[in-house]
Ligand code: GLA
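Next up: a single chain in structure tokens, the form predicted on its own.
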């Protein structure tokens, strides 16, 4: 049986059909899913993602001007001039344009410290390129398709520029985060880009979002993460994501802390007293948000130990507790997410399940015994009933996802 063409295969084939060049530069970056550690990244906390076998790939060749001409298999052709304002570019290509802007600023800042050789007047000019993009990552399923295109595009622009500055995993993540925050308008953390850039096959990655240090944690081969895409979609820019981030920052200030990373459960009583004097901080809401962050950080560190010891029952219990906390204290779950988690937990072979990603809609994950994945997928499909108060754009889709490698230049 012939395997389905990968995103890299399809990007290369599309490039050849349009630009008549069979040996373009080829880069790819994976999506990610978070095993545990949700809404802790922007609180300087801990997260535990895996990189996915689903990738976004770009095949490209440099062109002599500063234009980008790119064909997407799903969204058609886009063009822009690198020198234009990135927010002027419409649609999905704004991610690419934003990367060009953020990478240029990064390289010029490094040049100011003598780390690179800038062009005339201290300017670094990224080359334009002709390219084709393909992806395997289901959009809107909380699998970080946007981070994948940001990381892949950063690798491509950097490679074509021939810069002598090495980009670390944190560098790649910060460039992607600037695109999200300053070009796309989403106040996101660094989790998605760090996981896409630094994933390791067969391992989860513990990320300390304060100092961006990472630790590879072997993932037990006897278990598999199954992504449960409910087919519901949300737009984070229009959601309450920013409100959660603002409440956490205000609560940290009320406690005299730099971030909620340093908060403990003992701080909850102190917060109740401090919040009473802050008119814009609802004490009850703040308490629940802080409790989630504190307990989620503890769960994430406990999950690392359970994973390393192969204690799948304990890892599953921590995932269930995470979902309850996200649902009740952080209030970012939704009807479809709750329903699919409940259905998963009723199935044989499932150790635990939880919503994943920003929340409100999208996807959840389940930790499943590897030898029962096929029967689990059939069983959960039968058990899941889509809620009538949250319409879906697609039926439930299930994706068994082994931990995979991070971003790379496939063909220089």
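Every value quoted in this text rests on a predicted model; they were computed, and no experiment measured them. Numbering follows the first chain given and starts at 1.
The next section is about a form of this same protein that is not shown, the form predicted together with the ligand.
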(Q) At 4.5 Å between heavy atoms, is residue 319 in contact with the ligand in the model of the complex? (A) no
Q) Is there a non-hydrogen atom of residue 286 within 4.5 angstroms of a non-hydrogen atom of the ligand in the model of the complex? A) no
Q | Contact flag, residue 191 vs the ligand in the model of the complex, heavy atom cut 4.5 Å | A | yes
Q. Taking heavy atoms and a 4.5 Å cut-off, does residue 363 contact the ligand in the model of the complex?
A. no
Q: Counting only non-hydrogen atoms, choose the one of 366-374, 48-56, 379-387, 31-39 that falls within 4.5 Å of the ligand in the model of the complex.
A: 31-39
Q: Only one of 219, 129, 80, 241 comes within 4.5 Å of the ligand in the model of the complex by heavy atoms, so just point that one out.
A: 241
Q) For the stretch 326-363, which residues lie within 4.5 Å of the ligand in the model of the complex by non-hydrogen atom distance? A) 357, 358
